[in-house]
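Consider the single chain below, provided in structure tokens and representing the form predicted on its own.
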């Protein structure tokens, strides 16, 4: 079943690659170039999943994850972090902030789609 997914990423190219992978499974994809825009988008539209980068200019992804976990509607929304950061300490910080999962760039579209299906509990 298609889901509504918000991609939070400052790179237009990465957003386009993630969007293409997710639309292959018929998901409705929304985009925000940063954390502040993501929070504003989520004020108006609930989503089934958030995928965020860590390194963004206006609000880093872990700050966004903490902000989402503090909001009643997004408290239990799955959040995947998609980033170049692959150190164990950074992943631990992500878990502590409330991230559901962690994917490292560069990513393979099939890997992203598989992880999204797993997180959403949908069949392969």
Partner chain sequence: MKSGEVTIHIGGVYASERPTIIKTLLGSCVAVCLHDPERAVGGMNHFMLPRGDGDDAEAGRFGVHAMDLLIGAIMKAGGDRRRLVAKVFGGAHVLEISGSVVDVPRRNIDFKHVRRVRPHALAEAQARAAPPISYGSITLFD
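Numbering follows the first chain given and starts at 1. These figures come from a predicted structure and were not determined experimentally.
Although it is not shown, the form predicted in complex with its partner chain is what the next lines describe.
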Considering only heavy atoms, tell me if residue 80 and its partner chain come within 4.5 Å of each other in the predicted bound form.
yes
Mark residue 27 yes when one of its heavy atoms lies within 4.5 Å of a heavy atom of its partner chain in the predicted bound form, and no otherwise.
no
Partner proximity in the predicted bound form: residue 108 to its partner chain, non-hydrogen atom cutoff 4.5 Å:
yes
Heavy atom of residue 104 within 4.5 Å of its partner chain in the predicted bound form:
yes
Sole residue of 50, 64, 99, 32 within 4.5 Å of its partner chain in the predicted bound form, by heavy atom
99
Choose one stretch from 67-75, 91-99, 40-48, 53-61: the one whose residues place a heavy atom within 4.5 angstroms of its partner chain in the predicted bound form.
91-99
Note that its partner chain is not shown here; using its position in the predicted bound form, name the residues of 1-39 with a heavy atom within 4.5 Å of it, in sequence order.
none
